[in-house]
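Presented as structure tokens, the chain that follows is alone, the form predicted on its own.
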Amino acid sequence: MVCEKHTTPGGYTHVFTRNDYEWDVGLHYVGDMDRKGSLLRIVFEHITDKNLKWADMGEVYDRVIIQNREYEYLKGLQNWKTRMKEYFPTEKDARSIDKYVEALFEVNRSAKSYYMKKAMPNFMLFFAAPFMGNAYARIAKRTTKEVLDSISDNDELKAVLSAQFGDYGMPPSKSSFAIHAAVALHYMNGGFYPIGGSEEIFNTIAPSILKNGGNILIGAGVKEILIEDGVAKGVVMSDGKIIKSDIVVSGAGVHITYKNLIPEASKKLIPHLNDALELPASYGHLSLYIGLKHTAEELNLPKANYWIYPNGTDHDKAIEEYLADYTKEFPVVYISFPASKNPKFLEKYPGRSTIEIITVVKYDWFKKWEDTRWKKRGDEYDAFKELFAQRLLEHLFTYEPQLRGKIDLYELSTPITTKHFCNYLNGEIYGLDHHPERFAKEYLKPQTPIKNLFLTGQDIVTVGIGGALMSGVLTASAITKKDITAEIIKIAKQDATNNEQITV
């Protein structure tokens, strides 16, 4: 049984509507959906009974703009490498690009045993620890900046190679190269968008839950996990009702689970409690939702995302200066065009289109309003939001000038909006930060010191829907003490026809 506090299930994959418009709140594109042997695709097909379909974003899926210089991310590793070498044609830079790709695959090769180790019971770790995940752990200790600096001394090239850092929320000097490599390879074969919108992820997973005897509750907030004699026995709901269960899995995130859901008397059972609560969370974000009374085709809206860096090549410096003073230029502006990506958008919203713009923000800038009511936070709050909204709109008009004067409505969400709907402590979207130290925390795994209590979600694996999905596989493996990944692959191979052999 799934207990969902919100009235709309699906977490960051849910959508919301305003005046005949619809927007995604968290999912903007997914990678690795074109290959039959993609593990992510195989798992999605398994849990959705192949009912979730994906639209290809085309040859160009990301456009990186650094002080008005544009770089296209092309679909396909060889295409991507060729285009990058066209942008940076010297022999020295070409060698750097090859070394960069080799470094990505080095991380990829060492990742499997590291994550398999997370699903193992404690008694097996004693034997496995000296042998599993060591290579990945060594790589994860290095920052993205350290690796890129060791590969190239071309600042422009390094800025382009690290331009997707918004997908994991940390600039190069702060992020582990392990998360950078995971994200870079994830999108190397292009970007994809769920046909029908991101709500189709829940809509296609829910029937599998129900037909296998599960249930889904909405508006069902959990007050705390019921723990008796060191064993999880169920949950206490917000209305005081107790629901008993042999197994409890928390997907609320490490901070929320340990701080708010574990009863005080049971917190002493978690030796790493304080260390876990001190792990830094990711940045907050602003998201500007835009509606237009024209179709994407009429407005010539692209499918590719924009990654705009107005300040130049030093991503770290740009973020540092902006977080110290919000009147400074945005360090990064991400623009997504869901109406262009979704082939079925016009079936639901004829004559309309939507755009989403995202940037980083500090929760502290909005903290004074955290105890006010949603939609009733006052004129000062609305005026403060409007400052950011207008600045973001100007970035949109710079690169899509035909949109000036065409916007029907817009609405800006802040970290306290995110906190209200998604329950993270400070409105962070990516959970725990992906700094090198995170990857050394062996307790970030499904099994907890409390018997029959397990964790899942992006804090257990890595950021995003891919990380959350695969954490579910790891958690299921830890609970059942079976290799669920192998079982899913076996089923996929059995289901495949002679014309679509699967090699994972």
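Quantities reported herein were computed from a predicted structural model and do not represent experimental measurements. Heads up: residue numbers just count along the shown sequence, starting at 1.
As for the form predicted in complex with a small molecule, it is not shown, yet the points below apply to it.
This chain is displayed without the small molecule, yet in the predicted complex the stretch 422-430 from 378-386, 98-106, 422-430, 323-331 comes within 4.5 Å of it by heavy atoms. Among residues of the shown chain, G169 is not one whose heavy atoms approach the small molecule to within 4.5 Å in the predicted complex.
Not displayed here, the small molecule is approached by G26 to within 4.5 Å at the level of heavy atoms in the predicted complex.
For the chain shown alone, H285 is a contact residue for the small molecule in the predicted complex, at least one non-hydrogen atom being within 4.5 angstroms. When the small molecule is considered in the predicted complex, F337 lies well away from it, no heavy atom lying within 4.5 Å. No residue of the trio A163, V360 and L403 has any heavy atom within 4.5 Å of the small molecule in the predicted complex. Shown without its partner, this chain lists P415, G251, P194, G190 as candidates; in the predicted complex, only G251 has a non-hydrogen atom within 4.5 angstroms of the small molecule.
Contact with the small molecule in the predicted complex, judged by any heavy atom within 4.5 Å, is made by just one of I256, L226, I209, L279: I256.
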